[in-house]
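The C-alpha cells that follow cover one protein chain in two forms, given apart as structure 1 and structure 2.
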Structure 1
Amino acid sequence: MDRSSPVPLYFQLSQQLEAAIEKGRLAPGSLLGNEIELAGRLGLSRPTVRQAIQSLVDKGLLVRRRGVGTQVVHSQVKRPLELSSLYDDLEAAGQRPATRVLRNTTEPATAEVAAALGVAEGAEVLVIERLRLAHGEPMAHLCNHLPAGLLDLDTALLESTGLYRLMRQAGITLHSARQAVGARAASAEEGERLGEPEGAPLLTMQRTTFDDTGRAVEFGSHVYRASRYAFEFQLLVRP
C-alpha cells in the first residue's frame, strides 16, 4: 500500500488481490479472511477494503456470503464482453491483424443510417469501409458511419489501429452500444470480397455506439466469415 501514490488505495488493493488470484496465490474456493481483520492488517479502514472487494465481485472474481465470508470464485473467468474493436481482439489473440481501407469519404446519410445516428436523412456522414485480414486472409468486411465533424480519420491511421481507439484518443468517451447479431447467406459480391462462395453463411453484426451524453457517435454494419470467426465472450448474471 503506497499512500503517497495518486492511485486510490482501494484500487491498489483490488489490483493486488486480482493479481494474487490470477497467479494462484489465492486458491479458488478459499476464504479471503474477514474484512475487519483484513483492514486492520493492511492499515486501512473497512469501507476502503469493502470498496476493493466490491470491485472484484463486480468483475465476477469473488463471491460474498453473509455470515460466511468472501470466496474466490472457482473461475473459468476469462474476459467479459467489452466494446472492443475486432482489431484489438485479433491482436490479443496473436493473429497479427491487417486492415485495408476500401473507402473513406463523406456521403449523404441513407434513411437507415440517419435513423441510427439520429441525424437528418441526407445529412453528410463519414463512411468508412474496411476489409480486416488475419494472416493475409480476409476475416471480415466492416462498414462504419460517423456523424460529420466529429472526427477526421486518416486512412493510414485506420490501417494500423482500430476505430474505437482512434475515437477515444479524439476525446470521445464511449458509453454504451446497442447491438444485433445475426446470420445470412453471402451474396455473390460479398462472397468475392471475403473469399467465400455465394450462399456461404456469414455472421453479421450491427452496432450503434453512444457517448456519455447519449449522442450516437457511430453506426457499423459488419460481416464476418462464419468459417473463420465467432464471437466469444463471458457474461455475468446481474444479482
Structure 2
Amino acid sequence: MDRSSPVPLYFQLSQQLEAAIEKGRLAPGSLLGNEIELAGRLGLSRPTVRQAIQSLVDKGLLVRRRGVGTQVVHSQVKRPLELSSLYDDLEAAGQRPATRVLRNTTEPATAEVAAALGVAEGAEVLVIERLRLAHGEPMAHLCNHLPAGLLDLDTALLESTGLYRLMRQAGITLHSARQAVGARAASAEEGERLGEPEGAPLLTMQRTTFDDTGRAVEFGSHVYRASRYAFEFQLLVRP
C-alpha cells in the first residue's frame, strides 16, 4: 500500500485483490482471511479492509458465505475488441475453456446469412452451434455459419479447441471483420441454456469475418452472459 498516494487505501487494496483474481493468483474457490486477519497482516484498519472487500463483492468477484467466509468466485472475462476467438481469449485469461457442440451440420442459408457470406439465399452453408464454458460454467452461446466446402470440421475437434484456430490450421488467413455489439434481455430458453434468470441482461455480437482475399469466411451470431463477460474498447482521439 502506498500511504503517500492520494488514492484511498481501500481502493488500492481492492485493485490489488482484483488483479490477483483476474491473473489467477487467487483462484475461484479460494478463501480470504477474515477482516481482522487481513487488517493485521496488511497494517490497515478493519473499516478499510471491509470497504475493499465490499467493493469486490459488489463487482461479483467475491462472495460472503455464512460459516465459510469470503470466497473468490469466477472473475468477469474482459475481451478486447479485436479479431480473436473466445476460446483463445478465455485460455489466455486462465479460464479453462470448454465447448459443448450442439449442432454441426449444413442447412439452407437464410437471407441474413446469405447476405453476410455473399452466397445465394437457400444455398447450403455449414452451421456450427456451440455452448462455450469456463470452469465448467456456461459463458456464451455461439452460432457460426461458414460457406459449404470451406473446411471439414469434426465435432471432436470443435470441442477441443477454437474455430479460428482450426481455420488457421486449414490455411485460411483471417484478415478483417465487421462486427456489431448489442444487448437484450434473456428469453426463458436462453436463460436456461446460460444459467441466468429469464430477463437477465445479455450481450450480443454479430461478426462477419473476411480472409486476405476479401472473401467472407464466417458469419457469427453470439450471445454472452453480461454478469460474466464484458467487451473492452480502446478509443483514440483523431488527429
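Structure 1's sequence is the ruler for residue numbers, which start at 1. Treat the numbers as computed from the prediction; the structure is a model and nothing was measured. Take the two forms, superpose them, and find the largest set of C-alpha atoms that agree within 1.5 Å; that set is the rigid core.
- Query: Between the two chains shown, which is the form predicted together with the DNA?
  - Reply: Of the two forms shown, it is structure 1 that corresponds to the form predicted together with the DNA, while structure 2 does not.
- Item | After fitting the core, G214 CA displacement of 2 Å or more between structures 1 and 2 | After core superposition, the displacement of the G214 C-alpha between structures 1 and 2 stays below 2 Å, so no.
- Message: Given a core-based superposition, decide whether the C-alpha of V223 shifts by 2 Å or more between structures 1 and 2.
- Response: For V223, whose C-alpha is compared between structures 1 and 2 after core superposition, the shift is less than 2 Å.
- Message: Given the rigid core as reference frame, how large is the C-alpha shift of V63 between structures 1 and 2? Answer in angstrom.
- Response: Its alpha carbon moves by 42.8 Å.
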